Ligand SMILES: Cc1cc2nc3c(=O)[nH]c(=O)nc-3n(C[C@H](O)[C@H](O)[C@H](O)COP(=O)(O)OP(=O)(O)OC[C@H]3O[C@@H](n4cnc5c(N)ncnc54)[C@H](O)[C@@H]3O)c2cc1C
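As structure tokens, one chain now follows by itself in the form predicted on its own.
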């Protein structure tokens, strides 16, 4: 619903986890905001849907013990091509959600708190007299003091700040609806550069997907057939900002959160925790009048560290060594401890 006024203190583009986390935090602190998204909800979203222990602890804290459907997964089965290598145990569990349902639950929680939302498409961003003006596809015009880009790797807000930015890696996915519970499986393959193939179970069924530096549908279909994972359903794709340089200007009144800001783990492509936290930080910077980049620095440091780790992890000799050591019980125990630390911190 369009608010009665056409000037809103903060307008957030994107109603995913980053946008909702930002909007919900603003509402809890009595700050005026509006979320605009191009899609009606519930909507499909390309994502494995894995909430790490750090991510689901954040959701519990910010949204006051929100009830949502998920599968509690305690092990990740790892394969090299079709060969089973090992299982990593997850001490605090991964919560695997259907992003269609999870994002809708978050949006309803925001709206029940009095949050305003509009379904429309931003066609133009302009600035004048310390205000930001938005032109919408519907013909409406709105203005704001703060603009939050939480609209994914193909962000129109980031395009405004950095017209020539690179969107990241393309990931492809198929969604399967069925009742049978499945294991969480990850497949590495030397034919995939800086990526992997995955199968994530969720309350609706499961998703199977893949991404790497040179993603294409032909390779995806070939791998699915080879690994006996070929579901008869539509392939969809989305960009994930792995190895993002975050070299856009940090503005006081125009902020980027989630995938729009390149906040993602470059090893796994996981971005839900980073979306939630950067969204909250964007809201806090407005509420407290603090510098967003400074508030976000600890998160940016994690993103940069994971990027360095990813370059090492996917370096072919190191990657082959990782696969080999994962099959050795003593080394598996050591690596597993590190995996649990990274998922929780």
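Please read all numbers here as calculations on a predicted model, not as lab measurements. Residue numbers count along the first chain shown, from 1.
The same protein has a further form, the form predicted together with this ligand, not shown here; the description that follows concerns it.
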Q: Name the stretch: of 187-195, 216-224, 78-86, 144-152, exactly one has residues whose heavy atoms fall within 4.5 Å of this ligand in the model of the complex.
A: 144-152
Q) Hey, in the model of the complex, is residue 255 touching this ligand, heavy atoms inside 4.5 Å? A) no
Q: Evaluate residue 238 for contact with this ligand in the model of the complex, applying a 4.5 angstroms cut-off between non-hydrogen atoms, and reply yes or no.
A: yes
Q) Is residue 34 one of the residues lying within 4.5 Å of this ligand in the model of the complex, judged by heavy atom distances? A) no
Q: Please check if residue 22 has a heavy atom lying within 4.5 Å of any heavy atom of this ligand in the model of the complex.
A: no
Q) Only one of 199, 158, 117, 99 has a non-hydrogen atom within 4.5 angstroms of this ligand in the model of the complex; which is it? A) 99
Q) Which residues from 32-49 come close to this ligand in the model of the complex, meaning a heavy atom within 4.5 Å? A) 36, 37, 38, 39, 41, 43, 45, 46, 47, 48, 49
